[in-house]
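Single chain ahead, written as C-alpha cells, the form predicted alone.
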Amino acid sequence: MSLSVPHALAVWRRNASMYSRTWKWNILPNFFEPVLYLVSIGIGLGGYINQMGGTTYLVFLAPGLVCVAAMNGASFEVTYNIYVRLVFEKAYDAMLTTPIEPDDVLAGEVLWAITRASIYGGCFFAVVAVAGLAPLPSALWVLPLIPLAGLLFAAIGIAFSLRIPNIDLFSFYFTLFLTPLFLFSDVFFPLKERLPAQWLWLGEALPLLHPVRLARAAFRGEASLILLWDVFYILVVSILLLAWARSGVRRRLTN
C-alpha cells in the first residue's frame, strides 16, 4: 500500500476548502431532512402514540435520526461528488500528476466523508440536545458513534461509486438502498417488536441498523453484548468494502 498521510490530508484539505465556499447551500438538504422528520413525525404522529420502545415517540426517534444525518452526510459526498470529480472534473487525474497516489485519494475522500458525516450528525445531535431529547451526559456517547457511522456509509458509497458506468445509477442507490434502510432500520419502530423471529436475521444485515442500535443504547445509558456485534459489523464491513474500493480506485485512476 502506497499510502502517505500528508498526501491523504492534502486531498482532505482540498475538499474542505471547496466545501467552505458552498457549505451554506450543501448543509440545508442533508441536515434539515432529519430535522423535518423529527418535527413532523415526532410531533404529528407522536401525538397518537403514547410510547414506543419504552419511551415517548420523540425520544425514540432522536438517536436514529442522528445516525440518518450522519448517513446522509457521508453518502452524498461519496456518490455524486466523487463521481463528478472522477468523471467530469478530472480532479483526480490532476492530483496524480503530483506525488499523490490512488491510495492517498481513497483515504482522503473517506476521511472527508467522515468529516461531513460528523458535521451533519453532530449538528443534529446539538439540536436534539437543545430540545431536551438527549439525556445528558449518557447521550454524549453517541458523538464517537457518528464518525463510525460515517465510515460505514463512506465505505459502502465509495465502493459503489467506483464500480458504476454512469451517474444515472445513483438513483437506484438512493431509492432502492438508502431509502429502505431509512424506513426499516429501527429508526421509526423497533424491528424486534414487528418482525417475526425468523426474519430478524434479515434486519441484522441492514447497515443502518447497527449505528442506530448503538446510538439508542447510548441515549438510554445501556450496555449489552449485542452492541459488540454492532461495532464488529461496522468495522468489518467497512474494512472489506474499503479493500474492494481500493482495487476500484486503482483501476479507475491508472487505466
Partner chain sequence: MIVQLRAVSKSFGDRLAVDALSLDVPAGICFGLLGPNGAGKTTTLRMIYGVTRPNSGAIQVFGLDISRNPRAVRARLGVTLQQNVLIEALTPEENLRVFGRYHLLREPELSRRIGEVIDFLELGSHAKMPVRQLSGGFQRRLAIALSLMNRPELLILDEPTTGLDPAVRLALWSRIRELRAAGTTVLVTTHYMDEAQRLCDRVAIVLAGKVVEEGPPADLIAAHLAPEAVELDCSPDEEAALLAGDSPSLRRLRVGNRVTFYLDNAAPLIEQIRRQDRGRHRPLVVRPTNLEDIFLALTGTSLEAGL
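Numbering follows the first chain given and starts at 1. Since the structure is predicted, the reported quantities are computational estimates derived from the model, not experimental observations.
Missing here is the form predicted in complex with the partner chain; even so, the following discussion is about that form.
Mapping the unseen interface onto this chain, residue 18 counts among the residues with a heavy atom inside 4.5 Å of the partner chain in the predicted bound form.
Using a 4.5 angstroms limit between non-hydrogen atoms, residue 104 touches the partner chain in the predicted bound form. Contact between residue 94 and the partner chain in the predicted bound form is found at the 4.5 Å heavy atom cutoff. Taking the partner from elsewhere, residue 14 is found to have a heavy atom lying within 4.5 Å of the partner chain in the predicted bound form.
Residues within 4.5 angstroms of the partner chain in the predicted bound form, judged by any non-hydrogen atom, belong to 83-91 and to none of the other stretches in 165-173, 116-124, 134-142, 83-91. 100 is the sole member of 100, 148, 156, 110 with a non-hydrogen atom lying within 4.5 angstroms of the partner chain in the predicted bound form.
Shown without its partner, the chain has no residue in segment 144-181 with a non-hydrogen atom within 4.5 angstroms of the partner chain in the predicted bound form.
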